[in-house]
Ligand code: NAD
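Encoded as structure tokens, the following chain is the form predicted on its own, with no partner shown.
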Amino acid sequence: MGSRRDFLGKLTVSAISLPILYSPAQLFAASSKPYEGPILRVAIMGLGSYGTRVAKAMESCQRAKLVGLISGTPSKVVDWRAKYDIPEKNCYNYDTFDQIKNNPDIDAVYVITPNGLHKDQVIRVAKAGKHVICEKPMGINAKEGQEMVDACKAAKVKLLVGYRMHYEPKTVEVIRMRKAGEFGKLKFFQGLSGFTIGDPTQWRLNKKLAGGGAMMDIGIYSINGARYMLGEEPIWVTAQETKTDPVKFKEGVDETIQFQMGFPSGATASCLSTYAMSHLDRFFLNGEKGFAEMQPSTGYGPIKGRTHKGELTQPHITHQTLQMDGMAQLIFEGVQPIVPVDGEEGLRDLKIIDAIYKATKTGQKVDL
């Protein structure tokens, strides 16, 4: 990954009355000439595997820069400070990070911690007056999500959610085709999201920290994908849970859930979320005039896909690089992605997850 110029100071940008839509092509074009606009100065909270991936991707960003660290592991802070040239004054632990309120060199905090910690950490960041980017799922249920949205509104800061696929070029092209009517009346979506999870002691299999199991971690991709591929919000769900290993997947930690969603147009979705099967990362969209198939559909890339018009050939760019540059554009310039990445978007997914869990317990169709 290439080096980049020194970042500029934070600028105040006036509100834009009409939303500007983001296009990945903007960043492709921008790479050929120096960028001279405002830089989003970001602190990462949670220096685990995904935090590492985001930090590496940000080395190639034009509009965002890693400037701060929040971690409960001092040795990680030492290593990251050396690698990314982070000043000591921009480093905090989980007890002290409220002090970012007094740090003018940090604009936003990206919360990349276990799901069960998101709500309290996001609200603390908001109260400190900083914009928040929260990894998905935004919280462990819709009640938490609403509290997070309300807190950020009260603090007058942005709440964004790490929906990297909303910036991914092939995904954006399929959504553009759908909006242009190129698939005709949409009939059906299928989403398969799963892998075989390893270490049984990890936080993702801890109900308190994860909020559930595969649905919270991987099934959310099919939920969100169904919504942006069909361009509608579901009005009902049904769901069935299968558990073959109750030792590894304890009470409240789902192993496999098949779920169905119905939409106002009459379109339906059939999806699978699992921690017990690998090689499941596929979206399929069917309409009266055509189709789209993506496999892999949500992995770190490259995404591959085709439609009735042929192969999708948009170039692969690291998803998190596009996401962080896109979010900087949103914060400073009001440039919106083709599908929202705000707290309301995260809340919609949480409401659907709540309904899916209710459906698995009751065996009944749950209206949304």
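This structure is a prediction, so every number in the text was calculated from the model and none was measured. Counting begins at 1, following the sequence as shown.
If you look for the form predicted in complex with the ligand, you will not find it shown, but the lines that follow are about it.
Student: Which one, 186, 257, 112, 174, lies within 4.5 Å of the ligand in the predicted complex by heavy atoms?
Tutor: Of the listed residues, the single hit is 112.
Student: Here the chain is shown alone; which of 343, 68, 51, 305 has a heavy atom within 4.5 Å of the ligand in the predicted complex?
Tutor: The residue in contact is 51.
Student: Since the partner isn't included here, can you check whether the ligand sits close to all of 46, 136 and 203 in the predicted complex (heavy atom within 4.5 Å for each)?
Tutor: Affirmative, all three are within 4.5 Å.
Student: Spot the stretch among 115 to 123, 261 to 269, 229 to 237, 280 to 288 with residues whose non-hydrogen atoms come within 4.5 Å of the ligand in the predicted complex.
Tutor: Result for this chain: 115 to 123.
Student: Residue-level question: is residue 194 within 4.5 Å of the ligand in the predicted complex, judged on heavy atoms?
Tutor: Residue 194 lies outside the contact set for the ligand.
Student: Counting only non-hydrogen atoms and a 4.5 angstroms cut-off, does residue 94 reach the ligand in the predicted complex?
Tutor: Residue 94 belongs to the contact set for the ligand.
Student: Contact between residue 76 and the ligand in the predicted complex at 4.5 Å, heavy atoms?
Tutor: Looking in the predicted complex, residue contacts with the ligand include residue 76, since a heavy atom lies within 4.5 Å.
Student: May I ask you to state whether residue 162 is within 4.5 Å of the ligand in the predicted complex, using heavy atom distances?
Tutor: Yes, contact at 4.5 Å.
Student: Who in 207 to 243 is close to the ligand in the predicted complex, meaning a heavy atom within 4.5 Å?
Tutor: Heavy-atom contacts to the ligand in the predicted complex: 209, 217, 221.
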